[in-house]
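Just one chain follows, in the form predicted alone, and it is written as structure tokens.
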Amino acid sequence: MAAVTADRSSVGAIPQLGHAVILLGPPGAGKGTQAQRIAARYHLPHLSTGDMFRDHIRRETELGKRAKPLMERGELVPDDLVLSMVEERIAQPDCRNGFVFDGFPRTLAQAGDLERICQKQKFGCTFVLHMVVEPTLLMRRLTGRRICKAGGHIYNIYDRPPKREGICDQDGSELIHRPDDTEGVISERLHAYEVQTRPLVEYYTVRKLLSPVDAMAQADDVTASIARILDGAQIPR
């Protein structure tokens, strides 16, 4: 890929391009952690459809009421609900210079719809980071995951535990074990990924938008790899 000619002293270089950055990979690949770090580094909003749905469920919106039983069973939420929520979210002012998607799109149909939504909002092509990790590590990562109830900070009781059990290091809030991070639900999610989401790897590869990332490394090393890709890549418009 060609080198970027923009001034590297400005972390605003990528946001000014007005692109969606997508993290693609199975549950447990570290998409949430890396999306937060990318968003902070490049001053972009971090968009997680899972977090959006949980917010709707907490607020008991009509969308949340429809999504709640599906999420509790580990099933994918229908596209009409997902796309309605996504289109509404990226139309908000904080997304005008770009955004980081975590966990979306999940299907070829969603990828096509996202492209149309981005065109409608006058965004350029997406840039896709494929988080590659061996299946044997996924269950350990997911069952050990704990989420900060207030700030959404992510921990793992096996590999990246908090200093105090059950308490977020950053804001002192309670860490929760989400219902969809239990072994039975995880098995359903991994199966859904293999059937519906993995074809996106080929889809984005053919479109020359995909860059692989070794997601089995330590989190800081993964972040450094992603930064090298984004800082040193010309994202196609």
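All values reported here derive from a predicted model rather than from experimental measurement. Residue positions are given as counts along the sequence shown, with the first one as 1.
One more form of this protein, predicted together with BIS(adenosine)-5'-pentaphosphate, exists but is not displayed; see below.
- Contact with BIS(adenosine)-5'-pentaphosphate in the predicted bound form holds for none of 91, 128 and 213, as no heavy atom of theirs lies within 4.5 Å.
- Among residues of the shown chain, residue 42 is not one whose heavy atoms approach BIS(adenosine)-5'-pentaphosphate to within 4.5 Å in the predicted bound form.
- Looking at residue 156, you'd find a heavy atom of it within 4.5 angstroms of BIS(adenosine)-5'-pentaphosphate in the predicted bound form.
- For the chain shown alone, residue 96 is not a contact residue for BIS(adenosine)-5'-pentaphosphate in the predicted bound form, no non-hydrogen atom being within 4.5 angstroms.
- By the criterion of a heavy atom within 4.5 Å, residue 29 is counted among the residues contacting BIS(adenosine)-5'-pentaphosphate in the predicted bound form.
- Contact residues in stretch 212-228 (any heavy atom within 4.5 Å of BIS(adenosine)-5'-pentaphosphate, taken in the predicted bound form) are 215, 217, 218, 219, 222.
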